[in-house]
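Take a look at this single chain, the form predicted alone, given in structure tokens.
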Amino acid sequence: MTETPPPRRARAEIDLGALRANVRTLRARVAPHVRIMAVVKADAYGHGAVRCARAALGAGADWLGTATPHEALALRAAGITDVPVMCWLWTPGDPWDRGIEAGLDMSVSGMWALREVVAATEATGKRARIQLKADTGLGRNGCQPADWPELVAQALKAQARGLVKVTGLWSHFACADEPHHPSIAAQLDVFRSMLQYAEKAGVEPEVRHIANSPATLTLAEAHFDMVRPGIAMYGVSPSQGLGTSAELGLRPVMSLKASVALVKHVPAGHGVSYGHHYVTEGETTLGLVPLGYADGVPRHASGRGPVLVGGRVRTVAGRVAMDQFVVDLGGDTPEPGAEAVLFGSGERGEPTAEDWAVAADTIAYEIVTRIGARVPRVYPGNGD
């Protein structure tokens, strides 16, 4: 990561001002008592976890959330020590002891995890903060309703011994990005039932939460005590069915740019890139963009990905290679070093991450998170 000067080959520009504005927009969508967990897993969806975490907290976020314990521990190591941090994707043998020492909120979805966290508390001599996750219908992580009574009972026993504190009860939606999908109401019913059981048994959670980005934006009845915006915080719409980023009041945070490495004239009938899946129809100019699938440009977008060069949106010509791809400039001759914008906010006519998602038959989440470490993240005009 660097501030200046921007690298010539390629860069992902991260607009922390836009991120802060998105957090404020999300804050306005929820009731005053509802807390916001800023989800910064996967290096903040490719945007830089530490910088984005600090920006989100400065804009009003209350908690931070990660998938893996190592992501959470990295935030603590960076000096973010005064806010709650939750992580939820644990596997057997993970560093529960380090999580306890760091004061993390650790998700427990089954008895094996509870046993490991209890063993870690006995080893460290410190009480663990745990949150019990309910599988309300997503079918991934989380405790099934049939197994919930045992997990709740054993967690309360460990709490009575002073080994753990059950700080939260939570779950995750399967189809909140599809408005009016019947599973949404069904999952809310199951979640309320599992909450009622746990609280009647004696759990007194600090937070109850189920709302991801789409539920934060559209489903007030799912907000409970806290919401967990992820992709929306980075200015990307969770789905086309919910509207565009602009329609949701969000500003895209990442812009992916490169410097054109070569411009050359070629004759008609000239093959372009591997397999010659693109052949020039007439005499034209080609521009070489030094980004490829090793940098996260999806190969599935070969022949379809949009790129702004010289004030016009071009299309990837032929296959995306590991380190580079070509655009047909149609006779235009921008100078080598001219800026190529793969995606950005769209405010200046450039493509967006959603446009690339359509071109690659995927979702915009994948477009921003797949940008590789070879592409430096720069933060122009956004000091912390």
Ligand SMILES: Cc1ncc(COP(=O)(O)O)c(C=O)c1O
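Residue numbers run from 1 along the displayed sequence. Computed from a predicted structure; not experimentally measured.
Although not depicted, the form predicted together with this ligand is the subject of the following passage.
With a 4.5 Å cutoff on heavy atoms, G292 does not count as touching this ligand in the predicted complex; it lies far away. Contact annotation for P214: at least one heavy atom lies within 4.5 Å of this ligand in the predicted complex. Taking the partner from elsewhere, W356 is found to have every heavy atom lying beyond 4.5 Å of this ligand in the predicted complex. Using a 4.5 angstroms limit between non-hydrogen atoms, I130 is distant from this ligand in the predicted complex.
Checked against this ligand in the predicted complex, the residues I100, A72, I231, L256 give one hit for a heavy atom within 4.5 Å, which is I231. A heavy atom within 4.5 Å of this ligand in the predicted complex is found for one listed residue only; from V39, A317, A340, I36, this is V39. Partner contact region in the predicted complex: 39-47, out of 39-47, 346-354, 328-336, 52-60, criterion any non-hydrogen atom within 4.5 Å of this ligand. In the predicted complex, this ligand lies within 4.5 angstroms of a heavy atom of only one residue of 136-152, namely R140.
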